[in-house]
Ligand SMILES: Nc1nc2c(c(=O)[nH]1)N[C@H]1C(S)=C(S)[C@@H](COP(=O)(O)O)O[C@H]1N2
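Only one chain is shown below, in structure tokens, and it's the form predicted alone.
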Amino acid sequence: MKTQNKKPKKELTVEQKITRRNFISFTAFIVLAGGAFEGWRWLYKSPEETAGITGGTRGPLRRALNKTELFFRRVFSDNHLVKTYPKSMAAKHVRVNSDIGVEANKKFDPATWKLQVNKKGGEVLQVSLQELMALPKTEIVYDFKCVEGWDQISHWAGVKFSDFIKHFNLDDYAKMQYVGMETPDKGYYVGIDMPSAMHPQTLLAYEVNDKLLPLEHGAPLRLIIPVKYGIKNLKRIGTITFSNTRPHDYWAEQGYDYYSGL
């Protein structure tokens, strides 16, 4: 019986190998790009969410954001602290990230201000800046991050929110799920999950770079919450409320992530 000799397989040249690799890569790119485009088109054509506490985005995207929030809240820990820096690294001129809620009243007088804390039964606790400054002072130098993509190491000081809660006997309110804060003119407002509000680095801040806050940075009192993006760091806090349902939130109503955590 005659056996047939197989012809040796012809070795590809370097040029042919490169051409084949490029063809495979280009084909994979086209397939992935096509899938991404179809996914984007599906999302774009999806119905918008029902406007309420949140709004302004597509329903599937909002559901994804809510699922992401639940994930991060499950793994969130008070032991997870943001990185801090020496004062020497803090910016001398702190960037102003927004003036919503403070721009309408350029002649605002911090001396006339009092923090309003809404309690049960319609009771309102009023707290002056002097009372807050009499409490233990905490400083933090950290990398403030904005959703617009910029960040800046800055130096802030004030009262820990958790110390504020204890001093004014608000412990029962801290058992609720959310804190709501808004400016005196109600032009800007945020909703914060309680674990983030009670985080050991969250401050009711009245100083920046060892000086009282200027008006553009939210004088006399603003929120500094390092575990959140800048949109949650409310300037010129006028009112604080507590609830077991999400308080309204300015940017969440515009389609942003309600949690906005880092």
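As the structure is a computational prediction, the values presented were derived from the model and not from experiment. One-based numbering along the sequence shown.
Only in words, not in the display: the form predicted in complex with this ligand, which the text now covers.
*Which of 95 to 103, 82 to 90, 123 to 131, 169 to 177 has heavy atoms within 4.5 Å of this ligand in the predicted complex?*
Result for this chain: 95 to 103.
*With heavy atoms only and a cut-off of 4.5 Å, decide whether residue 183 touches this ligand in the predicted complex.*
Residue 183: contacts this ligand in the predicted complex.
*Find out whether any non-hydrogen atom of residue 71 is located within 4.5 angstroms of this ligand in the predicted complex, and reply yes or no.*
Heavy-atom contact with this ligand at 4.5 Å: absent for residue 71.
*Do residue 234 and this ligand come within 4.5 Å of each other in the predicted complex, heavy atoms counted?*
Close contact exists here: in the predicted complex, residue 234 approaches this ligand to within 4.5 Å, heavy atoms only.
*asked:* Within 4.5 Å, heavy atoms only: does residue 146 come near this ligand in the predicted complex?
replied: Residue 146 belongs to the contact set for this ligand.
*Can you pick the one in 62, 217, 228, 199 that has a heavy atom within 4.5 Å of this ligand in the predicted complex?*
Result of the distance check: 217.
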